[in-house]
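Form predicted on its own, single chain, as structure tokens, below.
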């Protein structure tokens, strides 16, 4: 069972937060992270935005115009920027252990809903403009301070021809200055506008909310790979046609019958969902160990230090199956508790008895770069 940070919501428990605020209304949490320690600074964030495998964006507001540039960037280019700008670096939990540790605070929300940790840096006056998100987000203030303006407005008219979804007629209803360690929760579709007060850094913990169109398209692709329909179009009853270019009603009826053979059930949806939600993002690449240690050495170190998921790995499970990085598999009932613990906590200590039960699976994942030996910090 995951332990929940009881101080995260002040006097509220995590359960009370979910019942009263989650996807319902905003919540300002003063001192959500007392004495919050930034694990990033401007220089380190800029360095990360220069990497090929990390997604980054630069948003500027100059001459009353919004502009958007996509990384990777050149360090000297970012160091020479002036005016109002914001650097956004996405998915840092896949690359920084400290970022993943921060996300563990939010484990009371299912892993399948978590998107990633994005960190933004802006000089005084920097902003990404008034906008709304289609997902839940926690905005944790790191370095400096930021003014947040929010609104429940129904007017979602956007500035035309802008490279970003900037609200044209934003009208603030509530405003707060967030200091380091303060956090603002916003449900989907809540308009908000953050403005840096001096140099500031904000940590955004976002939760994925796929659209009906997106999930349906992905499921249809899944069916395409897993369906095996037999038969072929035939028309032994073909008759003379007055119009050779006309698609006859007889043909439409026959094709309709063929397509109606497509069937799916709850099992199919379960298999699809586990693979889809655990699938790594396109920019993530696993690095197999080089050189790889032997199985014997791996087991020895695994017992000594424990196993942890690679930062890019995701394990999800249903009552029947497990899924790791888009791959599905089933295991014996005796193994399930160990894999559930690894999936929930992203790390596990191992005994000789445990190794004998799941060592073969862990070693295979180690060779694929999915897991690694846990190293303890003293």
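This structure is a prediction, so every number in the text was calculated from the model and none was measured. Residue numbers count along the first chain shown, from 1.
Below, we refer to the form predicted in complex with ligand SIN, which is not included among the displayed structures.
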{"query": "Stretch from 252-260, 146-154, 212-220, 287-295 whose residues place a heavy atom within 4.5 Å of ligand SIN in the predicted bound form", "finding": "146-154"}
{"query": "Residue (of 271, 278, 86, 93) lying close to ligand SIN in the predicted bound form, criterion heavy atoms within 4.5 Å", "finding": "86"}
{"query": "Partner-contacting position among 184, 118, 102, 78 - heavy atom within 4.5 Å of ligand SIN in the predicted bound form", "finding": "118"}
{"query": "4.5 Å heavy atom contact, residue 136 to ligand SIN in the predicted bound form", "finding": "no"}
{"query": "Ligand SIN contact in the predicted bound form: residue 308, any heavy atom under 4.5 Å", "finding": "no"}
{"query": "4.5 angstroms heavy atom contact with ligand SIN in the predicted bound form for residue 128", "finding": "yes"}
{"query": "Ligand SIN in the predicted bound form - contacting residues of 276-312, heavy atom within 4.5 Å", "finding": "none"}
